[in-house]
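The form predicted on its own is given below as one chain in structure tokens.
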Amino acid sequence: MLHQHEKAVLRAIDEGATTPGELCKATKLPLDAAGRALLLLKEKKAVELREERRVEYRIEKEGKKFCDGGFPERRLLERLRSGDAEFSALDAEEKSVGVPWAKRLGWVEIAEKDGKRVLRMSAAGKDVAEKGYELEKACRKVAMEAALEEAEAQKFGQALMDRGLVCKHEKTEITHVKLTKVGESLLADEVFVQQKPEVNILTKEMISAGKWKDVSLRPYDTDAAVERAFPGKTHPLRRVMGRIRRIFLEMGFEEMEGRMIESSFWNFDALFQPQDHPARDLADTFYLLQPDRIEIPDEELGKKVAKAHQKGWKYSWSREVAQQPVLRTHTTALSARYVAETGMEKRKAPAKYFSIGRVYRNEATDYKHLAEFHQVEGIVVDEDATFRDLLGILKEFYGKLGFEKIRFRPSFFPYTEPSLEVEVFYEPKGVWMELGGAGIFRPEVCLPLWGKYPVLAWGLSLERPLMLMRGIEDIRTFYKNDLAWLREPMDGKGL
């Protein structure tokens, strides 16, 4: 199927046109339109093209600056024509660019004069000062959009590019065109002979005026090569978050919401972490200067938590330490708030909650650690809940994520007892993969906050499992905005 431009170009070639310029004159097409038609005809093997590659150099911003004001190393030579120069007399560009290049080229020498270090022109420098700087001449030639001779390009092209003064562009030009047997057969085809003008769009005006009878509508070429399109889509992390949210909602959970700036009370104390625990060090936690403190919301609640700490950890609990503001280190701070609100009768039990939120740790960033990442949290507030219920919920949740083989392993976590780790079998790699931790909140957590026991709880890492599933070795990939990676299809590559 030929476009009208392709047909016009084929006719012109048949009538004797052999160069792009002759084709433009014969068809009255712009050069770019004629060129596109030729390339399409080449793909269809209707024409043969003779092409020549040309290399062009174009001036960059830094190169234009040097051409206007002179190369720093050459300006340095001009300064030294009248004698030695002290370093203090040089301008900033001469010091940072001119001196290093002049020394590398052997144009200057460093000498002592009256106890001071001075620059002195060498014999090689004097020769350049007299004859001129060839590299600067070549750069000026590029700036004036003049082509470098082949010898000039070989001698100076790479040096100018290495300094970021010019860039190189390779251009292919068509110098001769010739019909092939395929092209000749197309010309002889009756379908090719078209007396009516060809149009791409049938308009309302053409229909109402009856002009559609006087034109030929170009048929659609469904096999034509087109540029690949990249429509907008959800980021892989957001897509996984959405799926996890839907699963929890299907299982009857409500979503927890809360702020990222928390008091140490909710982030640590309410979870029975002692105030001298290593996790509270500056090396692990981001503390904030503003606000200077966050008040404990309920005096009686504060006393209950303080009593649990003093009895369990045998130390004097500090309200001031508990009021220190932090960027939350885990979404379990949200769980503590919701359990406490159940105890204050702001929420009803039994209830099931989940959250998907960002958390912050004062960690050095590397291929498997970030200072901020996501956690998936879940709790069941029900005094009749059992450890078997916890295992059943986790098995159902991970099953809905697509994992058929699930196992639980005993573990330790600071504020749950008993505790376990969830592992799933990842079929593509044939390995067991740890996805999260779970357990029952300790009585020291539940009783001060709720007054009852137990509360089932679990936490799921978001980025690390997805890393393994998509074969990603660096967790920072999720946040680099790498278009090539973001454009990859996600189907079959993870949650």
Partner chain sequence: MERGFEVAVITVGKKDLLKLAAVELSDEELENAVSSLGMVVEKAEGGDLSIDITPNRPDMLSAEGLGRAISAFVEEKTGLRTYKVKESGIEVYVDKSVKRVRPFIAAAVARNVKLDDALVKSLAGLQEKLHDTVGRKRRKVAIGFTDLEKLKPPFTYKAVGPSESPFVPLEQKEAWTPERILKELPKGKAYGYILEGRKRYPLITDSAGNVVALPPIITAETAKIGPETKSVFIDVTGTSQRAIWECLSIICCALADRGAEIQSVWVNDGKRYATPDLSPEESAVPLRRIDGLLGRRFDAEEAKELLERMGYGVEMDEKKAKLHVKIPPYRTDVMHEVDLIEDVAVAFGYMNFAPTLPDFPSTGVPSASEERDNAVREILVGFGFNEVLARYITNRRDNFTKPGIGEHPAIHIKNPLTENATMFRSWCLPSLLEILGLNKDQKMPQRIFEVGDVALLEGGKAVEKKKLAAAICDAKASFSEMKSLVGAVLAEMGMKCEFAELDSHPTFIPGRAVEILRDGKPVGVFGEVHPQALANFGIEQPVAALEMELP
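Positions refer to the first chain, counted from 1. All figures in this text were calculated on a predicted structure; none of them were measured in a lab.
Form predicted together with the partner chain: not shown, discussed below.
- Mapping the unseen interface onto this chain, E444 counts among the residues with a heavy atom inside 4.5 Å of the partner chain in the model of the complex.
- For the chain shown alone, S316 is not a contact residue for the partner chain in the model of the complex, no non-hydrogen atom being within 4.5 angstroms.
- The closest non-hydrogen atom of G164 lies beyond 4.5 Å of the partner chain in the model of the complex.
- The partner chain in the model of the complex comes within 4.5 Å of a heavy atom belonging to T416.
- Proximity to the partner chain in the model of the complex, taken as heavy atoms within 4.5 Å, picks out 275-283 from the listed stretches 94-102, 275-283, 107-115, 69-77.
- Just one of E404, E149, E254, D189 comes within 4.5 Å of the partner chain in the model of the complex, counting any heavy atom, and that one is E254.
- Of the candidates S208, S88, T234, S216, T234 is the one whose heavy atoms come within 4.5 Å of the partner chain in the model of the complex; the others do not.
- Along 95-113, no residue reaches a heavy atom to within 4.5 Å of the partner chain in the model of the complex.
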